[in-house]
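Okay, so here's just one chain, in structure tokens, the form predicted on its own.
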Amino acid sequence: MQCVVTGGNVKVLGKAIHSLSRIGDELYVEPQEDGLALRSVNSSRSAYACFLFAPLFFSRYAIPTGLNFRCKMAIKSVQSVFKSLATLEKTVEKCHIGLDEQKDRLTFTLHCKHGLLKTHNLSYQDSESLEAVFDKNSCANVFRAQPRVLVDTVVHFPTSLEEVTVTVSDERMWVRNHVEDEAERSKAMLTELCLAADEFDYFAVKAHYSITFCLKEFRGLLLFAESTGLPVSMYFDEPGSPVVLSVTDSVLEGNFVLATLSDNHDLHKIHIDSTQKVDIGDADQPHPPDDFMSDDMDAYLIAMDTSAAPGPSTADPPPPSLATFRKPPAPNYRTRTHSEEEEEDDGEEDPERPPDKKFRSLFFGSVLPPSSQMNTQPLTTQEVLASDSEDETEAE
């Protein structure tokens, strides 16, 4: 096998390897008649990426007839060959990739300026063919945008964010951060951005779906697309089906296949087709529902105060107004004595009304001490944030 990359294509090859490092720890190399395929998959098989470099990408591409060679190697060792991407195009004139079957080594030779040669002999392991099963042309929703539009969108999210949610309508796309734990929703900062259809090169929506996928792998593709200037295409269907992110040129094609959360909020793995098919199931860690109305009343009101302008969630039925919550029946406004607290603790709870603890914390804050303190400490006089009771009105 002889592959020679020259000029600016050396940097493109290095960028592709760095993008694949965002997916998994191993690089799968498979020379084919239609080009050199570089692939990677993460350990949970929820993300897969592949770059196919056509023979025209190389100044020389020659593989023996009938060669059936597939290998995998540590992706960090290949990254070390192209570690200086900023100066790679200026210092390296060409890169030669060769196979030494006698020593079981894949050789990367960099021909630098002034006659300097850098040779990297990397060990490898034989592997099976690795390929994800997907059909992006059958997806209902298709989008294509310049990489700068998407880079400017994800830059508003912190690097520690794991997942984002994308929601589409006929003329808009919303991108917001996904909060997994309901308990953390009241403390999290909710960020949402809206992109109009005219910001895309192609915008076709057949079904209004909302999908959630990993942001780390998405950034990996944008890293490559921004450096090459290639537009990014997105294909997806209903939640639970994989989303496909693609960049295409006349001499290369890159596809990133990412798992999405299903309606029951489980992260599905991607079907990997190999010599022995892998059984695909749900991930071990289910995700709770991403629905504002499923939170308790305290978290819901805090989210209303801190969230951005109304987005795709406006299609849902409007929540009850604050005025409705602030005018419960008059008997609920009077302060309860210690004996009434004990009588209510002995009785059965009514499942149709909210717990008294949340109700008091919502309207009275810390007016009443905890029940454990009420048994040992006298009840102090504090201001009650409520209207006059019926008894006081009749007295007046």
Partner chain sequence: MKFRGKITDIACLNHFTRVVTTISKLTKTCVLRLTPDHLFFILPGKVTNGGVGMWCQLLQANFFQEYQMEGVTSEVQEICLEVSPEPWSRALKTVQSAKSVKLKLTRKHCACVTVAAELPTLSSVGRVVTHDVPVDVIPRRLWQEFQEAGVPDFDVSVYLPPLKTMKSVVDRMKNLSNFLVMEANLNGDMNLKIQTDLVSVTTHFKDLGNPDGGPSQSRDPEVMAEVTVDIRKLQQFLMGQQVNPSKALCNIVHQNVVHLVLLHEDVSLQYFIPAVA
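Because the structure is predicted, anything quoted here is derived from the model rather than measured. Residue numbers count along the first chain shown, from 1.
Another form exists, predicted together with the partner chain; not displayed. Remarks below refer to it.
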Just one of 76 to 84, 110 to 118, 224 to 232, 149 to 157 has residues with a heavy atom within 4.5 Å of the partner chain in the model of the complex, so point it out. 149 to 157
Any of the heavy atoms of Thr191 lying within 4.5 Å of the partner chain in the model of the complex? yes
Contact test in the model of the complex: Arg172 vs the partner chain, heavy atoms, 4.5 Å: yes
How about Glu199 - does it come within 4.5 Å of the partner chain in the model of the complex, if we only consider non-hydrogen atoms? yes
Look up in the model of the complex whether Leu195 has a non-hydrogen atom within 4.5 angstroms of the partner chain, and give yes or no. yes
Find the only residue in Lys90, Lys187, Lys206, Arg105 having a heavy atom within 4.5 Å of the partner chain in the model of the complex. Lys187
